[in-house]
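Below you'll find only one chain, the form predicted on its own, shown as structure tokens.
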């Protein structure tokens, strides 16, 4: 029996790593006395499966974790997803807020999610200059960037993964929000990498720096449609049209 939770990670807790977040969930589940299933072997672990890893220091409105319950120990009230939201809340740290829960079938979140939405706060250049850099990047046929992979530096082309870029801010603002949508497969783009790519577009934005990042959505896409792994209303159905999904996420 697999239950998917959608949660937010906001505030100071953003500085905790993905591994620390996993430990937070394990402690919360244990303190809430939920009958979580465990793996076999000499060192059994609770069966938790997280979505795409969130960079340390970034916030998120759309994080997901799948938890497998031991059906032999499940009480009737423990299969009511909305009841589990309130049951877990007192045992999670400030800034980690469960927003929805639902029963789901099997399937790896890391393999199913194909795109993410981000809001990136950048500084070091005025809005007009950042807008020029965004236009230059979108018009480019390739966006080469050197980044580290398994301890080695390699040059990758980020352009195929960058789907959408736009700005929020006035022409003279020096702190600008970049709204982005990036693909996660075959390899994702981190917020810091996207800002580095923007900073290399024109001389006027050479000092551009990432001041904050918030993941706003994760998308599953199939057969021309897309939907969230779980929305705030606890819906997981794949029948949501792309337009309706975008409207709900905004």
Partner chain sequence: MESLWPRIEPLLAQVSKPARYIGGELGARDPRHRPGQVAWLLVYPDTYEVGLPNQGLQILYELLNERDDAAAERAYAPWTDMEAAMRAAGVPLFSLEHHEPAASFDVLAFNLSAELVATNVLNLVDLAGLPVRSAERDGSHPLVVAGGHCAFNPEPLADFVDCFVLGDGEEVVGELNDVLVAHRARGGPDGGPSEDRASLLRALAQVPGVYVPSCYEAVFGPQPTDGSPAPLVGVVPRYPETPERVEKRTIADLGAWPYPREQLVPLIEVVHDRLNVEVFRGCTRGCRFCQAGMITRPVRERPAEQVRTMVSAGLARTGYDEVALTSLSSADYSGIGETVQGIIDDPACSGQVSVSLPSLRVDAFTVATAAQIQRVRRTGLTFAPEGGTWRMRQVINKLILEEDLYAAVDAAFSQGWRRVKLYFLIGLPTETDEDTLGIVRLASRCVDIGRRYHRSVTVTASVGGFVPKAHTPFQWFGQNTVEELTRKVHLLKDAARGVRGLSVRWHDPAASAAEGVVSRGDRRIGAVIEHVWRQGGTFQEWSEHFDLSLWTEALAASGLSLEDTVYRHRGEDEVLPWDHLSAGLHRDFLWQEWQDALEAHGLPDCRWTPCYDCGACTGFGVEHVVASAVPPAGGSQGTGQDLSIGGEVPVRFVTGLPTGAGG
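Residue numbers count along the first chain shown, from 1. Values in this document were obtained by computation on a predicted structure and should not be read as measured data.
Omitted from view is the form predicted together with the partner chain, to which the following refers.
Under a 4.5 angstroms non-hydrogen atom cutoff, the partner chain in the predicted complex has residue 24 among its neighbouring residues. Put simply, residue 14 is close to the partner chain in the predicted complex: some heavy atom of it is within 4.5 Å. Taking non-hydrogen atoms only, residue 190 never approaches the partner chain to within 4.5 angstroms in the predicted complex.
Taking the partner from elsewhere, residue 44 is found to have a heavy atom lying within 4.5 Å of the partner chain in the predicted complex.
For the options 49, 225, 202, 56, the one in contact with the partner chain in the predicted complex, meaning a heavy atom within 4.5 Å, is 56. This chain lacks the partner; the member of 160, 144, 81, 93 within 4.5 angstroms of the partner chain in the predicted complex by a non-hydrogen atom is 93. Of the candidate stretches 24-32, 61-69, 214-222, 179-187, only 24-32 has residues whose heavy atoms lie within 4.5 Å of the partner chain in the predicted complex.
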